[in-house]
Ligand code: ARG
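First comes one chain, alone, set out as structure tokens in the form predicted alone.
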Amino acid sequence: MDEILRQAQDDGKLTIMKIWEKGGTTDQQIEAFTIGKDADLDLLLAQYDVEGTIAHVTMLESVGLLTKDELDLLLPELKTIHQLAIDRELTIDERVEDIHSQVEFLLTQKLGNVGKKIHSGRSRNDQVILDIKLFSRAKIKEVASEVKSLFDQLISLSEQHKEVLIPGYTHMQVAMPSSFGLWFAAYAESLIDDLTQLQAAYKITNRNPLGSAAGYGSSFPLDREQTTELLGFDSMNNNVVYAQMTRGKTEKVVSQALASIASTLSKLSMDVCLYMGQNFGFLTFPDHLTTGSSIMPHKKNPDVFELVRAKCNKIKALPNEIDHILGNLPSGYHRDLQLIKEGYLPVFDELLSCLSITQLMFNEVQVKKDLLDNPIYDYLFSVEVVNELVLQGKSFREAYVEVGKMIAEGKFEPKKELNHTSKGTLGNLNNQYLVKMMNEVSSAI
């Protein structure tokens, strides 16, 4: 259903009509069901819809579908609407289905018939996918900036606390010595891979679908390369059928990248929740960043990280939701795609809030020193003793059996002098390598 608004004069009164109507009216329940949440969600796309329209009408004038005078009338009004959208002062009339119709209605209301010409060579499908790509591109940059900021913070904390040892675990059992330096840097490096995936999503997003119309092109002599340049895309989706097929696919690819970042934050949050517990006691936060219990005065709850964990786990479910909506759709446009907006458009701000609040918390993280002085962690150093025996000439298997026997007989004595020199380990974090990698990835978005 390709809906636009047109202006009609009826006894001097302005009437809003849907261009796809054929003289009758649509059942109100049907209309409400098919419109869904578009009116609210489309306000998130408003700025980008106007940007796409500015590029489109500029191109229409260059190919002779608008006169120079008409373009000169349209551009100032579009820029005014654009500013209203940026300032979040633009609203969608309750009689209007979406932002595309609202923009055209405002132009027609102000300029008359010239406002009706902006739709030449476009379909609403064309506009929606363009808006989503422009929106996604801008939001990806915001997310990338926040990821880089969190990375920088983690690297700084890694360097600050690189000498502070903590237990490392496998199977939730004490395993080998680790450090806060290793722990913070591990999540920093995870963000590099996440941002690499986001970079790939950005490249897929940054291709221009405008000019594909309803998915089969237009007989108008549209200059798609011009709108590609005007909108700052790297290239265009060449095949008009595929351009429409990227609706949903773009959202899926981007959401997978966002889910990767969310996965890192979720795991980090789980670690923090464990490490704050009394049975671990590795780190804590000031009282003003935690909450208490209504009946237990000793409680200091990690509510922020519990919510980050939950929110990020919810974000991780989004690619699967999109995949199920797309799963049995053939080529061409289908109204099913509308539902993807509901989970997709708000997800960026959800993730941005998690990234931001995590940084706020880590600004005041307090780590505990001398943890490994506690005898319960003595077995962390068993591998160090094995390695020392190997350096003395024994085979690893012989040394392993010997130390195992010491432990079984209660005769094990830990040797807590650590000598880790290989890159990326306790004594050689090699964080400058991570900084170089992150700078290369982040500069490409």
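Just so it is clear, the structure is predicted and the values come from calculations on it, not from any experiment. Numbering starts at 1 and follows the sequence shown.
In what follows, reference is made to the form predicted in complex with the ligand, a form of this protein that is not presented.
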Q: Heavy atom within 4.5 Å of the ligand in the model of the complex: which of L74, L268, A262, V128 fits that? Just give me the one.
A: V128
Q.
Quick check on this chain: which one of D98, E189, E146, E104 has a heavy atom within 4.5 Å of the ligand in the model of the complex?
A. D98
Q) Among 329-337, 313-321, 85-93, 194-202, which stretch sits within 4.5 Å of the ligand in the model of the complex, heavy atoms only? A) 329-337
(Q) Check K133 for me: does it contact the ligand in the model of the complex (non-hydrogen atoms, 4.5 angstroms)? (A) no
Q.
Check E70 for me: does it contact the ligand in the model of the complex (non-hydrogen atoms, 4.5 angstroms)?
A. no
Q) Even though the ligand is not shown here, does K341 get within 4.5 Å of it in the model of the complex, heavy atoms only? A) yes
Q. E384 near the ligand in the model of the complex, any heavy atom under 4.5 Å?
A. no
Q. Do all of D38, R124 and R247 end up near the ligand in the model of the complex, with near meaning a heavy atom within 4.5 Å?
A. yes
